[in-house]
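Below you will find one chain, with nothing else, as structure tokens; this is the form predicted alone, and questions on how it binds or moves follow later.
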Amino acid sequence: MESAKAFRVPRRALWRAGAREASPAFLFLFLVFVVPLSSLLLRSVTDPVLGFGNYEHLLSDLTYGRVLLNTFMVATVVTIVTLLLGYPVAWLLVILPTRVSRWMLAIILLSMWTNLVARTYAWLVLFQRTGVINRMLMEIGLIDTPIPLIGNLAGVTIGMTYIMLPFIVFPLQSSLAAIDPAIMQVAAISGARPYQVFFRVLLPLSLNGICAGGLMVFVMALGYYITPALLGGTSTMMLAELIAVQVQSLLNWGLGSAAAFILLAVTLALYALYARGLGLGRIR
């Protein structure tokens, strides 16, 4: 015991050594994140005049309010749909034989590695009035006239759900793989029905993966640009498109900065709620 105490390193010395090793990373984050973020916040309250006029205009104007509503509505719907679709896929990846699950995983990874613009244009071709989807529905007799799937929230939601699906499958797979199958076997032996095993055992134990994947998809959907810009229209504009239009086309840096900072504030608030609900230790 005495020899162990003699060789114990003081905690302050450990903190100093860790700070020295992490200082390049902290400096990099300061230069590429803190400095631009501070400039963004400063510009949002000084351009064109000093004050919170940009925020007031952004939150009070009905047009911008619709953009905010579209953004949060699409992000919420995409998160719910990806959870409903991703949970069974993640469960199959866990319970299927290793060879089959590897093939499934390879297919999911291949969809992620495919260029985002190419994938979105593929949906653009499928969603045309004379595209494969409308032609197939008309041939089997479900519809008489083509359904408009481009320039509305339906097309944007479907395209974003497809792109976001892998980002919710992997956290769910990790969470489900960590669950001991013996727990569910014990529940079944004790008389629990399959739906009771799912809702009372499997679902609560996989809550960490659900929250992590859901938060990731929701935050990414809030700031998504390419898919809504290609599959949507002016009536379905989302916040990222609004920022691009204000900065690139209208050169309204103040309003664009305010919109970007609102998006960042919402993201940080969601992370804070998540951290408070699950605890930083469990997140790490």
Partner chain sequence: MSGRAPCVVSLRNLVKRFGATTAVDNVSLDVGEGEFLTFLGSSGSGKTTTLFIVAGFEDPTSGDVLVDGVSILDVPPHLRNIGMVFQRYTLFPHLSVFENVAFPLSVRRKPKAEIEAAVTDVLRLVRLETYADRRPNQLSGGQQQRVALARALVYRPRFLLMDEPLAALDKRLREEIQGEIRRIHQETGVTVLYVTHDQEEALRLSDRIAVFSHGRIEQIGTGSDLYNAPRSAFVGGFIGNSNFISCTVAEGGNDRCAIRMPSGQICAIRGSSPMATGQLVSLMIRPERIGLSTTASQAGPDCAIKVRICEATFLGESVSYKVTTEWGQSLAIREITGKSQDVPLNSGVDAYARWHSADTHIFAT
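The structure displayed is predicted, hence computed values, not measured ones. Positions refer to the first chain, counted from 1.
The protein also exists as the form predicted in complex with its partner chain; that form is not presented, and the subsequent description refers to it.
- Not one of L124, R129 and P148 places a heavy atom within 4.5 Å of its partner chain in the model of the complex.
- The chain is drawn here without its partner chain; in the model of the complex, the stretch among 107-115, 152-160, 71-79, 174-182 whose residues come within 4.5 Å of it by any heavy atom is 174-182.
- Heavy atoms of G191 reach within 4.5 Å of its partner chain in the model of the complex, making it an interface residue.
- In the model of the complex, L96 stays away from its partner chain, with no heavy atom inside 4.5 Å.
- At a distance threshold of 4.5 angstroms between non-hydrogen atoms, M138 is out of contact with its partner chain in the model of the complex.
- Although the partner is absent here, P204 lies within 4.5 Å of its partner chain in the model of the complex, judged by heavy atoms.
- Distance criterion of 4.5 Å from any heavy atom to its partner chain in the model of the complex singles out V186 from the list I143, L83, I133, V186.
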